[in-house]
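Next up is one chain by itself, shown in structure tokens, the form predicted alone.
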């Protein structure tokens, strides 16, 4: 037996959460690009959290925490989202099946490791991967995973394991869907408020956040030994940047695309110039990752101080960028 939302259209995206929510809003009559969803929710950030461990290494985040992008769209889109978690896989499965039977498209938080359609070399224990389920075919769920070009299928047992994985950011069967969307497109003031919030986050007087977090991480990297331990730490930073989520460069490119859209909606053509400037900063993050990768793969001598200096240069560039952007929207 097959049940599916026939009107739903899968869309490929750069990042899971912004891709999921832009698809979900578009499906419900509020057309939105991934870039607008990311920027309007003030999703861009940086955080170095040495007290939160992933496989014994500190969490390095290049975006706001999980669910922040979804929740961040509630006010500007006058929307209400329903979030539900469950104590058991059986309860989570029953609720998901009931919503699908109603014809709903449902968002899920999952663990990448247990999703069988991911290639083996791309699976790792990351519990904040978002996807959409838009129907069932027998024992398989019909999945719209935005990081894949085409829709996927996932057996119910595998989906249960992915939804109820243990560890950091355990999803607890989380599912979500919109209950109300009061606005079809954002207005200029909502865009300006979102930009001001991102500037506050990136310039926050907190040592672990924004550009200060980058400098704190640079200081840690500079003190690393030039051995296997140092290589593992730097490799982890690059993996957090390039594999878990869209990464330092990718998120900057998405935000630059948001600023280009914002220029059109608000009539503020200077936002387009800021978009070009941020794209250049994104290229710098790519250079940072490439240099680090060459060192940890043994193609160049491992010199932690060099990696630290590149990270400080990124911090300086972003501090200047966000100070200027803050002035522009003051």
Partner chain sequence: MDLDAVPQEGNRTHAGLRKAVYARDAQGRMVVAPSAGWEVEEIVTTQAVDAMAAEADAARLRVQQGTASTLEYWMSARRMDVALLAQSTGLWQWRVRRHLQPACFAKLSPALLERYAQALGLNPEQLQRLP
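Numbering follows the first chain given and starts at 1. As the structure is a prediction and not an experimental result, all values here were calculated from the model.
We do not show the form predicted in complex with the partner chain, though everything after this point is about it.
Residue heavy atoms within 4.5 Å of the partner chain in the model of the complex occur in exactly one stretch of 129-137, 93-101, 251-259, 201-209, and that stretch is 251-259. Across the proposed site, 197, 310 and 322 without exception lack any heavy atom within 4.5 Å of the partner chain in the model of the complex. In the model of the complex, the partner chain sits beyond 4.5 Å of every heavy atom of residue 317. Residue contact with the partner chain in the model of the complex: residue 78 places no heavy atom within 4.5 Å of it. Contact check for residue 149: a non-hydrogen atom falls within 4.5 Å of the partner chain in the model of the complex. By the criterion of a heavy atom within 4.5 Å, residue 239 is counted among the residues contacting the partner chain in the model of the complex. Distance criterion of 4.5 Å from any heavy atom to the partner chain in the model of the complex singles out 125 from the list 125, 71, 192, 220. Note on the partner interface in the model of the complex: the residue among 215, 153, 183, 161 having a heavy atom within 4.5 angstroms of the partner chain is 161.
Within 4.5 angstroms of the partner chain in the model of the complex, the stretch 312-330 places no non-hydrogen atom at all.
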